[in-house]
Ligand code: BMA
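Consider the single chain below, provided in C-alpha cells and representing the form predicted on its own.
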C-alpha cells in the first residue's frame, strides 16, 4: 500500500516577497476542526531562522495563507528557530509541540492557543536537552498525558515515550520502537511523524525512517490503545518515499517528512515536507490503511 499524492502538489511553496518564508516552507502540522483544515508549517528565510506560519482550508488542498508568522522564536530560548510543529486538540485548546533550536542544541517545547494566532508557551522541565520529533497523544490515557519523542543521544536513535500529569514535569521515559535491521529503509534512525490517530485497532502512528544513504521515507505502525508503549504491529514497507522531483530535489534531497495527519470522512490526509523545500499532501482511505494491520 502506498499513499496517493495530490496531483496539485506542492500545495504551498516559498514566497519570495515574504522575507521570513522566502527560501523554504516544509514539515507541516494539521488539525481538522469544525469543517476546516488548520495547517502550521515551518518556514525559513535568508536568515536561516525557522518560524511557524499558518494556513487554512475548506477542502484540504487549497489553502489561504497568512502573510506573517504566527509563532516566532524567543531570543533566549530558541535564538536559532522554532522547528517542526505538531499539534493536537485537548479540550478547547490546541497544543503544539515543537523543537527549539539554540546554540546549545535542540529541545522539546510546548505552546498552546485557542485561535492559532495568539500563543502561550509552557514552562516545561524537560530532562533531555538534545531531543526532538515530539508528538502528544490527543487524549489522556489512564489519567496521564503522553508524548512520543526521540532523544538524540540515545543509540540507536528510536522512538521513546514519556508521561506527565501537568505538562511541566515528565517521567517514565522508555523506548517504544527502534530502527530496523541494517540495509532496511528505516535502519539508521526513526522518529514520530504525525500525532497518533485513534482507531479501533489501536493508535495509528505514521513515522519517518532514514536509511544509511540519508533517504527519508514514511512508515506506519500500530500502538496499543490502553498502553501506547506497547508496539502491536509495524508495517515492513514504507508507505511513501521520495519519487517526485519536488521530493528528490530541494534544500535537503530525497526527503518526505510528515508532522501532521488527520481523518476526514473515512480518509486520512497526510501532510508532509518535500525535500525540506515545499508543503505537500497525500491521502489514503481509512479502510485501506487499517488493512495493513
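Since this is a predicted model, take the numbers as computed values, not measurements. Residue numbers count along the first chain shown, from 1.
Same protein, other form: the form predicted in complex with ligand BMA, not shown, and the subject of what follows.
Might residue 56 be said to contact ligand BMA in the predicted complex, defining contact as any heavy atom within 4.5 Å?
Result no; residue 56 lies far from ligand BMA in the predicted complex.
Indicate whether residue 132 is a 4.5 Å heavy atom neighbour of ligand BMA in the predicted complex.
Flag for residue 132 set to yes.
Within a 4.5 Å heavy atom cut-off, is residue 36 in contact with ligand BMA in the predicted complex?
Output for residue 36 is no: heavy atoms all beyond 4.5 Å of ligand BMA.
Using heavy atoms and a 4.5 Å limit, would one call residue 225 a contact residue for ligand BMA in the predicted complex?
No, residue 225 sits far enough from ligand BMA in the predicted complex that none of its heavy atoms falls within 4.5 Å.
Of these, 232, 244, 264, 252, which has a heavy atom no more than 4.5 Å from ligand BMA in the predicted complex?
By the 4.5 Å criterion, the partner-contacting residue is 252.
For the chain seen here without its partner, which of 80 to 88, 199 to 207, 161 to 169, 137 to 145 has a heavy atom within 4.5 Å of ligand BMA in the predicted complex?
Heavy atoms within 4.5 Å of ligand BMA in the predicted complex occur in 80 to 88.
In the predicted complex: members of 1 to 29 within 4.5 Å of ligand BMA, any heavy atom:
Counting only heavy atoms within 4.5 Å of ligand BMA in the predicted complex, the contacting residues of 1 to 29 are 26, 27.
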